[in-house]
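Below, in C-alpha cells: the form predicted on its own, a single chain.
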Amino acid sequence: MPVNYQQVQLQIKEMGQNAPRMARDLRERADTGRELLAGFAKDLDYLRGLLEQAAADNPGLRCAAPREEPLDYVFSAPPFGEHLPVLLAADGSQVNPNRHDAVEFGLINVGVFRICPGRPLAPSEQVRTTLLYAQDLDSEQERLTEELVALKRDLTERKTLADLAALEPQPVITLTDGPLELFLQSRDDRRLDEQFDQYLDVLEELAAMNVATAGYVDKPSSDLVVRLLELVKLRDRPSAAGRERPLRGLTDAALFADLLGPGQRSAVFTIHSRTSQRFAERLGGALELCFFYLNVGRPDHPSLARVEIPEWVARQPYLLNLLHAALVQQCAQMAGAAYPYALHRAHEVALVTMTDKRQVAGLIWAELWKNGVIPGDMSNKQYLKDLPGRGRRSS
C-alpha cells in the first residue's frame, strides 16, 4: 500500500505549528553559546579543569578539548608555499552480503584520485576491488556483518592511500570522506578489534611518512565544542555533564557560522572520547584525534565542514597550513556546491552500481558451474521483491 498521506499531513501540520517555538528556543541557545564562546575563549586552563572533573564523573563523556589556540581563533587560508603538495583522495563503496541472494558475496571498491593542486599536471585515478566470499562470509560460525564490511572498507581506503603515498615525493596530503574516528557498535566481536588495530597500524605508517592526513565531514551535525561550553553551565554539577544538555540542538557549525569568513578555519580542538583514546595510546600520542571547522561557503551563505586530523598534523603548522590551503582550493573548483573536487572524483570512481553487482554475481555463478558446484537459489522473498514493476522497499 502507498504511504498514508492523510496521517502524514496531520503530523506535518503539527510539526509546522511547533516549528516557530523550536526555532525561537534554538536562537536563544545559539546566543548563549556565542556568549560562552566569547567569554571563555582564552580561559583554556579553566576549561581543561572542568573537563577533567566532568570526565572523572562520566567516563563516557564526549566533547572537544581545548589546545593552545583561543576558542574563537580565526585563521585565513594561507597561500601554497614553495613546495606544492600531491593530493591523494580516496573513497570506498561496498556490496554487503545478503543471504537472500542466489550467490552470497560482499565487495569493497576503493577509488583513488590523484591531483597536484597549483600545478598544471593531469590528474589520475585508480580502483582497487576486493571480493569477500566463502571463508570471508562465515568465519568460525560468525557472520560477516555490515559493520565489519564498513570497517574493512575504511581500512582498505587508508591502506591504499598509505601504499600510494609511499611512492610520492613529499609533501603529500591524503583525504577521505567522513571522520577519522571510527565507532564500533559491536564491542564483543574479536574481528572488529583486529581490523581496528590494523587501521591504527596504517595511520602509524602515514605518520612515519609525515603525510598530512585528514577526514572531511561535509555538513557536520556534531556539537563537540558546544558540549565543552556546556561544562561551564554545569560547573556546579559536573556529574550532569553529557547527561543534561542546556544547549541541546545547537551545533558547532551554527556556533561558528558567524565567526568564520569564507576560507577561514577555526581553532584546532582535540576530541575527548572513549574511542579517540585508543588513537591517543598509539605512537606516543601522535595519532590522537583533533579537528577544526572550515568555512568553504560564500560571504552571503556560509558552509562549514569539520576536518579531522591526527595529532602529528595538528602540531605542525606547515602541514596544517598546507591542508587548509588545499581544501579551500579544492572546494573552490566545485561551483555551487563547495566540496573537495578530488573527493568528489574519488566517489565517482569508487561507486558500485546495481548493474556492477549483478555482473559480479553472474561471474561467480559461471565460475561455480564451471567447477561443478551448483549455486543456490535466491530466497522467495527476494524473488518477489525483484519482480518487474515492483517498487523497491526496505526489508
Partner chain sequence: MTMIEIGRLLRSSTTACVIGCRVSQLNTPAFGGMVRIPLGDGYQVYGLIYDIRIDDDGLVRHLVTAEGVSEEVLLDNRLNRNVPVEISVLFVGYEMGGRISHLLPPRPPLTLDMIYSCSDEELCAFTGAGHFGYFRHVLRAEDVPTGELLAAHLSQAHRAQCAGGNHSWGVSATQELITLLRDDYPTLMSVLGALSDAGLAL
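Source: prediction; values computed, not measured. Residue numbers count along the first chain shown, from 1.
The following text describes the form predicted together with its partner chain, which does not appear among the structures shown.
Using a 4.5 Å cut on heavy atoms, which of Arg119, Arg190, His83, His301 is close to its partner chain in the predicted complex?
Going through each option in turn, the one that passes is Arg119.
Heavy atom within 4.5 Å of its partner chain in the predicted complex: which of Leu161, Ala253, Ile115, Val110?
The residue in contact is Ile115.
Segment assignment from 33 to 41, 327 to 335, 64 to 72, 358 to 366: heavy atom within 4.5 Å of its partner chain in the predicted complex
One stretch meets the cut-off, namely 327 to 335.
Assess the spot marked by Asp197, Asp201 and Arg278: is its partner chain within 4.5 Å of a heavy atom from every one of these residues in the predicted complex?
No, none of Asp197, Asp201 and Arg278 comes within 4.5 Å of its partner chain in the predicted complex.
Tell me, yes or no, whether Ser221 is in contact with its partner chain in the predicted complex, where a contact means a heavy atom of each within 4.5 Å.
Residue-level check for Ser221: no, no contact with its partner chain.
Touches its partner chain in the predicted complex: His347 (any heavy atom, 4.5 Å)
Answer no; every heavy atom of His347 is more than 4.5 Å from its partner chain in the predicted complex.
Partner proximity in the predicted complex: Glu125 to its partner chain, non-hydrogen atom cutoff 4.5 Å:
Judged by the heavy-atom cut-off of 4.5 Å, Glu125 is in contact with its partner chain in the predicted complex.
At a 4.5 angstroms cut-off on non-hydrogen atoms, which residues of 222 to 254 are near its partner chain in the predicted complex? List them in order.
Sequence-ordered list is empty.
Might you say whether the CA atoms of Val313 and Gly81 end up closer or farther apart in the predicted complex than in this form? Their distance differs by 3 Å or more.
Distance between the C-alphas of Val313 and Gly81: longer in the predicted complex, by 3 Å or more.
Sense of CA distance change between Ala346 and Glu82 in the predicted complex, threshold 3 Å:
Nearer in the predicted complex, by 3 Å or more.
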